[in-house]
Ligand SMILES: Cc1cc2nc3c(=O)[nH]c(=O)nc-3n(C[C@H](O)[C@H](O)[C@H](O)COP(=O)(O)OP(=O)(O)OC[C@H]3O[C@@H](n4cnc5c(N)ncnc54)[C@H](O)[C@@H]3O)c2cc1C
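Only one chain is shown below, in structure tokens, and it's the form predicted on its own.
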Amino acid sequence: MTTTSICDIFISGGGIAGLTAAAVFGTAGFDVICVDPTPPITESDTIGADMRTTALLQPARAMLMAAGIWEPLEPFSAALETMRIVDAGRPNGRLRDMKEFRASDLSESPFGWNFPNWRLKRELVNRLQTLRNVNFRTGVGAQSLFTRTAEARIGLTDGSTTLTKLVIAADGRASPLREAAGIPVHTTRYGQKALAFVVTHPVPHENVSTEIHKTGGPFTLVPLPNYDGTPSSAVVWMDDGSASLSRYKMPVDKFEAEITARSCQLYGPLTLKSKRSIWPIISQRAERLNGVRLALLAEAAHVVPPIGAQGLNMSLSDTQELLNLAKLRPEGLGDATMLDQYHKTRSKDIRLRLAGIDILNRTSQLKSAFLRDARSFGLKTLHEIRPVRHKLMRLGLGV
């Protein structure tokens, strides 16, 4: 016998973006069903754990505090007080230039706070368990989508059906719900792959996030809390796909020698403290962020290379905008007026950030000595003109 459930908002996807949206809308009083075929892994030593980290920037904090997520998360954070950009474009990876952007130039708060992804998922799942109006179901996914002006009908893989006013697709860059709605995407492939892992190092990071640019892609060290009493950072290393794949399979001792050299020895010898994860680097944008009773969120809507901590923070901006519109007209939840406005508001910001990150990534791949010199000159110019520096920092924060 087919069972039917009813809710205000149905969310497909139990990643960080989907879980956050469920917590935000649930805390705001909406009845929410969130589903994902795979239970989230919430322990660091479990096979398949997401060892990447996410920097939550200043604007995200208020939303997470309102949703009851920030307080349990904060003890596991590392503040990002300074963003350091290093040009290592000289022969043998020697430093050409180094510039620092300090949060204290703008406010008393850090740029943001860095968290392990598995920890984010754990605290989000814990929060959902306290919300009686949120039903988080794992082992089941969305199988079909039928929409009309009054409601949407979701067919699930367990044979049940859900009726809802608003469907949120937070189901990833290959979003089945986006495909079901017939919304095309524009994709750019860079020929790069990213490696992510955690290291310890003898030199304290002092809450400085360091992005080292060299041909192939940036090497970024983002502060983490101490690991067994030793300074620790999360690393994302973008490079040509074949080179990254080779390093992914490399013996640990050889890999540690490579990452220490690539870090320009800024923090001393790096010691690997986690598994390595690898994924292809693309830029992707959905042609529309909405369909009938459907809103695309996070990587279902946009994918960016991991530069400048923009990915999840763009996703949280999606959620905040949907929440604002839902509160403004609760009686219009999921209707065309709401979702057309969502598309109009968010698409402009998304296009701007995609373009900016595309430029940053392409400049980091430059092989010509002349163009690398131009990159260094551009960095110096942007840093030394104070109004421009401040405007860029605010733009990066999403302010």
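No experiment lies behind these values; they were computed from the predicted model shown. The numbering used is simple: start at 1 and walk along the sequence shown.
A second form of this protein, the form predicted together with the ligand, is not displayed here; the remarks below concern that form.
Residue-level contact is defined here as any heavy atom of the residue lying within 4.5 Å of the ligand in the model of the complex; does Val32 satisfy this criterion?
Looking in the model of the complex, residue contacts with the ligand do not include Val32, since no heavy atom lies within 4.5 Å.
Any of the heavy atoms of Ile16 lying within 4.5 Å of the ligand in the model of the complex?
Because a heavy atom of Ile16 falls inside 4.5 Å of the ligand in the model of the complex, the answer is yes.
Contact label in the model of the complex: Ala170 to the ligand, heavy atom within 4.5 Å
Residue-level check for Ala170: yes, a contact with the ligand.
Looking at the partner-bound form in the model of the complex, is Trp279 within 4.5 Å of the ligand by any heavy atom?
It does: once the ligand is placed as it appears in the model of the complex, Trp279 has a heavy atom within 4.5 Å of it.
Counting any heavy atom within 4.5 Å as contact, can you tell me which stretch out of 22-30, 49-57, 352-360, 327-335 lines the ligand in the model of the complex?
Of the options, only 49-57 has residues within 4.5 Å of the partner.
Work out which of Ile212, Ala196, Leu270, Ala78 lies within 4.5 Å of the ligand in the model of the complex, going by heavy atoms.
Comparing distances to the ligand in the model of the complex, the residue within 4.5 Å is Ala196.
Listed residue (Gly291, Gly141, Pro110, Pro116) with a non-hydrogen atom within 4.5 angstroms of the ligand in the model of the complex:
Checked against the cut-off, the match is Gly141.
The ligand is absent from this chain, but in the model of the complex, do Pro218, Asp240 and Ser244 each have a non-hydrogen atom within 4.5 Å of it?
Verified in the model of the complex; spot residues all out of contact, no.
Is any part of 24-40 within 4.5 angstroms of the ligand in the model of the complex by a non-hydrogen atom, and which residues would that be?
Heavy-atom contacts within 4.5 Å come from Val35, Asp36, Pro37, Thr38.
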